[in-house]
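Below you'll find only one chain, the form predicted on its own, shown as structure tokens.
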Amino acid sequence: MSKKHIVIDPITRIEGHLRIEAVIDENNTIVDAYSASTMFRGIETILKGRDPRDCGLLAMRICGVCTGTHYQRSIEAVEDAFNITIPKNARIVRNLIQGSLYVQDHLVHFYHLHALDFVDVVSALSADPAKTAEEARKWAGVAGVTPYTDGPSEFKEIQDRVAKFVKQGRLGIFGNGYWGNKHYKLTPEQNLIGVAHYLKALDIQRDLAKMQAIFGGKNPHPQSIVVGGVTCVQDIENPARIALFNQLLADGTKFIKQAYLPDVYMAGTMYADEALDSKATFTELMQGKGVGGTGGGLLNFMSYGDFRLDDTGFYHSALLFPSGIVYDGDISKVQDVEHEKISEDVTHAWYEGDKPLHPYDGQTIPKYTGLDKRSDGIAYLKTDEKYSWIKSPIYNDTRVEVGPLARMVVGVARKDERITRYVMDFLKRGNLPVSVLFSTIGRTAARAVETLIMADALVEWSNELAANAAAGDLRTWTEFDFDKVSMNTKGVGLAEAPRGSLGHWVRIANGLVTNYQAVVPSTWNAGPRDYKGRMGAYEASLIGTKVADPNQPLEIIRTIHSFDPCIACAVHVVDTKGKELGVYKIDTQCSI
């Protein structure tokens, strides 16, 4: 049997540094795959010896996208260690900041990081603008809305702009694509719709980012969350700030409903054959039968749960996204998540260690062993040894997938009324079986459904905040005496980030951090083989995928992008020769 080795390094249109190696057989079907982060991560080591109240400001630097999410998880881990319950306003404000991030991040992902895996930009040049307008109305009708863009003149203007770029040989952001690949399935008119909304989304996402800054102080790297609550008292008191938030949200929601969802219906329908390897009904799926389309992968889904809906305590509140774990795609069964069952293995990661460790006991000790240099001049991963800077997280001795799809699967399995209603409405309008979710297309669709859920929930939280402030409750912080709280303790912040389950664990002794570990979504999904040789979610999702052209591995890119990789959450810079890059000292006692 003839096999070919494909190397994609770097995977582009992601945050961070990711390499994928895949082995295909004589039919161009992937029979083996390896995921590797190519840069070192070291934030945990930097946090040792710090005042735990400062950890959030440093931990947010783990990622350039989900800055506020790492910030809040770190703060929550310290609050858990000190047994602090935050006020109602703080809970709502944190929901608004995080929810705004979800909406903006998901929109950016679909259009600017993932859409070009479905949309052939060059094909759009041959589209008929009048027919494009008709096509836009068709897919908006599926979503039950009017189209965001439906004028032939608007589509013609965008077409002319792209044509000018092509003629001048400067495609810019659309350069170096696999244009013309036969696994692009949209018509020229559908491609023009995608390009038009891609460009418009550049403006929309900027306004959505402003929503995060209203209560966060700025974006990225918000600064209003502190141990015990939030600091944005004047924003809560001022109705104009809440009104601005609501207006930006309304504008963004219009685009989500009239462009994003119709575009996902369009792409999902045109690529449905890849998602419908299984045609199980909802009833059959509830019985654990018939799952798995192209890109389905592990079929084990986990969500820590997130977005508290009341003030009964961090781990006791009702949640927008319920917590749970579903095995083998069987949504008739769901189990509770227990963080004690989480561990990280480094058998195939460039770290020292000989057994899986719980994050409270985790170690981050680099042990780089290099690549395998072959005679053809290409340096391949040493896949039998260590081959990634990402560890391999394990839950209850099982590899799992996290992210929007996991949250929707767990929500349906939990029979959560809101999530089930949104998911089933989406599938009904698209005339799609539930089994379509267990695929690359389904992962993308789940993110769109979640975006709509979040946009609607943000309206509820904004109204709740306004009503609470109007009633005279302006409390934003729970006072605590740092010198009197336990100086020898530990805590964990478990919740969700846009890309999936995120946990921060901290140990504190004598008022300082003695150990800190973050297990992030892209670690769960992008991790290499574990000590039993089991694949991570990225690797498993590629098995069985057919590649039309090995020199243009569009199908690999499409499936990996469906997870929305963010490898900054798993890596940070290091000098490969071990040289110290710099030492910085900050005088915090300076006088003015």
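Residue numbers run from 1 along the displayed sequence. What you see is a predicted model; the values in this text were computed from it and never measured.
Not on display, but discussed next: the form predicted in complex with a small molecule.
Chemist: Of the options G216, P262, G297, P521, which one has a non-hydrogen atom that comes within 4.5 Å of the small molecule in the model of the complex?
Modeler: Answer to the contact question: P521.
Chemist: Consider the chain as shown here, without its partner, and state which of I86, I441, I325, A497 has a heavy atom within 4.5 Å of the small molecule in the model of the complex.
Modeler: In short, A497.
Chemist: May I ask you to state whether S37 is within 4.5 Å of the small molecule in the model of the complex, using heavy atom distances?
Modeler: S37: no contact with the small molecule in the model of the complex.
Chemist: Given that the partner is absent here, does T69 sit within 4.5 Å of the small molecule in the model of the complex, heavy atoms only?
Modeler: Answer yes; at least one heavy atom of T69 falls within 4.5 Å of the small molecule in the model of the complex.
Chemist: If you check in the model of the complex, is L47 within 4.5 Å of the small molecule, heavy atoms only?
Modeler: No, L47 sits far enough from the small molecule in the model of the complex that none of its heavy atoms falls within 4.5 Å.
Chemist: Does any part of V410 reach within 4.5 Å of the small molecule in the model of the complex? Heavy atoms only, please.
Modeler: No, V410 sits far enough from the small molecule in the model of the complex that none of its heavy atoms falls within 4.5 Å.
Chemist: Would you mind picking out the stretch of 529 to 537, 23 to 31, 60 to 68, 553 to 561 that comes within 4.5 angstroms of the small molecule in the model of the complex, counting non-hydrogen atoms?
Modeler: The contacting stretch is 60 to 68.
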